[in-house]
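Shown here is one chain on its own, the form predicted on its own, set out as C-alpha cells.
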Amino acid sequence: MAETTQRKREVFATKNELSVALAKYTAHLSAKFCKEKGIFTVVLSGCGLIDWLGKLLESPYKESVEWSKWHVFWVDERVCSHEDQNSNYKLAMDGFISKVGIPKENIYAIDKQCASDGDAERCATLYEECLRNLVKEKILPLCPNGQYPQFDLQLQGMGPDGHMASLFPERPQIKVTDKWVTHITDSPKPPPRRITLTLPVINSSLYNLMAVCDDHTDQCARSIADIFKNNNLALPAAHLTAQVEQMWYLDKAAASLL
C-alpha cells in the first residue's frame, strides 16, 4: 500500500478562515468524486469539526454540492444513546446533516440499540460488519492491498494530548491492525466507552484532512510542534498519512510553536 508521509499544512489567522478553507476543500473533493464515480464517501469526527463545516451550509456550497450522492461515516463514536449530548451522530445530525439533502440510508451511524446498551465491543463488531457489507455492495472499495476499506475523505480532529479518532496515547488501540473497527472502554477523555476506526483504515483513505484550533492554552500547539518538528510517534496523530494527500489545517494558535 503506497502511503504519503509528507505533511502538508496551511495556517489560518482565524477559525473563520479555516472554516472557509475546509468547506472549499470538502466541496472540491465532493465534486471530483461525484463526477468520477457518482458517489462521495466522507468520514466525520466530532468536537469542533461540525462547527467548522458550517460554511458548507452557505452559498455557493449548499446549492451546488450534490448532497444526494454523499455517504457519511464516523471515524469514531461515543457508545451512548443517539439522543445523548455526547453522541457524535447527534452533533453531526443537529449541526449539519439535517440541514442538507443527504439520504437517510446513506448515513451510517453505530447500532442504536447496542449504543444505548453501552456495549462498545458489539458496536464495533456491527460497525465493521456494516463497512464489510458496503464493500460487497460496491459502495466502498478496498484499498489496493485488499485489506482495508478506502474512503474518499476523512475529516479528522486532534485533541490537546495528540489523540485522533479514539486512538489515545498509551492505549493499545493504535496498534490494532487485524480489525477495521475496534473499541475502547477506558478512554482517558470521557465518556470512556467508544468505537474507532483503526489506524490502517484511517491511513487507507485517499484524502485525510486534520483540522486543529487551539482552545487549550497552548496544549494543542505543543502537540503540533512535537509532531511536525520531532515526529513524536507517541502521539497518535503523528501516525496520520493518506494515499493521495494528508493536509493539516491549523489556526494561528495551533501553529504558534512551529
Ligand SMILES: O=C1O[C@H](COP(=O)(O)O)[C@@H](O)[C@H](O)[C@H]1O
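It should be emphasised that the depicted structure is a prediction, and the values quoted were computed from it without experimental measurement. Don't overthink the numbering: it's just position in the shown sequence, from 1.
The following text describes the form predicted in complex with the ligand, which does not appear among the structures shown.
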Checklist entry - A31: heavy atom within 4.5 Å of the ligand in the model of the complex? => result no
Checklist entry - Is Q173 close to the ligand in the model of the complex, meaning a heavy atom pair under 4.5 Å apart or at it? => result no
Checklist entry - Does the 4.5 Å heavy atom contact test between V79 and the ligand in the model of the complex come out positive? => result no
Checklist entry - Taking the shortest heavy atom distance, is P200 within 4.5 Å of the ligand in the model of the complex? => result no
Checklist outcome for this item: Of the candidate stretches 155-163, 174-182, 136-144, 123-131, the one with residues having heavy atoms within 4.5 Å of the ligand in the model of the complex is 155-163
Item to check | Contacts with the ligand in the model of the complex, stretch 174-210 (heavy atom within 4.5 Å) | outcome: K189, R194
